[in-house]
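Only one chain comes next, encoded as structure tokens, the form predicted on its own.
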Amino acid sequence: MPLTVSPATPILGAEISNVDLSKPLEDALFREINDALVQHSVIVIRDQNLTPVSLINFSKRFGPLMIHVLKDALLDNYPEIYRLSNKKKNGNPEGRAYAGQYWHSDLTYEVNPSMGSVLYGIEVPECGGDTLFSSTAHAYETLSEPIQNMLNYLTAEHLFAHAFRGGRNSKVRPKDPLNDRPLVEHPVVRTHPESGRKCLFINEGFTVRIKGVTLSENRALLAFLFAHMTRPEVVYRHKWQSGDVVVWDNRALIHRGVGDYGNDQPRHMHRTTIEDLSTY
């Protein structure tokens, strides 16, 4: 049967049917999947049954995979897979529980940030644990021209530890992995290398400040932009089912998890992250 792509909202998100990711994909079929990702920024492929190897092989079709800085959350023998899980085995966490509950784009704190991410839902809560997505391309396009022109010439600093400050992880120990990634600088606006759309490249999780403006201007500008990017009417909310594979384009959106479930509701997932090799 031919691949079908069904949009989830007018702004972003689509569900893809009639594909089995556990098997090698022909080049033409993969191009259709990638085209859907570029057009919709996040795609959902349900009813999949993936081994770590098949998840890695599918993810590598998009580009080289990145290894997350939090090594204790990586899957044994498969460091390309980052575990998101509130489950425990022999009293030890099987992954990072309740991670990413702030708006962010994966790994913007890296010198070469992420092109995209692939998240495979192995066990999901019966209710809750959704993931929210918002288009940074649509956010840029709905700003006034004077604001766009100002942002086009600005850069911002990103830091991994920024997401942890003020919370229970705010005390950084000498050997803490939060120290492993120094500040990096990226343009506030990036042009998507495939769609050609301009996208805001800031997020509340990892963006520390916009350079070249005062502290008060920075606070006001970031607060305005974050609110503009995440207006309820532009957010796509994905309700997980076991076997879902969700692929999203970190160049064109931000996302966050919703921690409205408890430890009596297992949420166990495997994620890969694809490096962005484009220049901007």
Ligand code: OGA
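When you see a residue number, it is the position in the sequence shown, counting from 1. Remember, it's a predicted structure, so these values are computed and weren't measured experimentally.
Same protein, other form: the form predicted in complex with the named molecule, not shown, and the subject of what follows.
- At a distance of at most 4.5 angstroms from the named molecule in the predicted complex, all three residues A99, D106 and D130 contribute at least one non-hydrogen atom.
- None of 219-227, 52-60, 248-256, 33-41 except one has non-hydrogen atoms within 4.5 angstroms of the named molecule in the predicted complex; the exception is 248-256.
- The named molecule is not shown here, and in the predicted complex it never comes within 4.5 Å of any heavy atom of V124.
- Under a 4.5 angstroms non-hydrogen atom cutoff, the named molecule in the predicted complex has L119 among its neighbouring residues.
- Using a 4.5 angstroms limit between non-hydrogen atoms, L84 touches the named molecule in the predicted complex.
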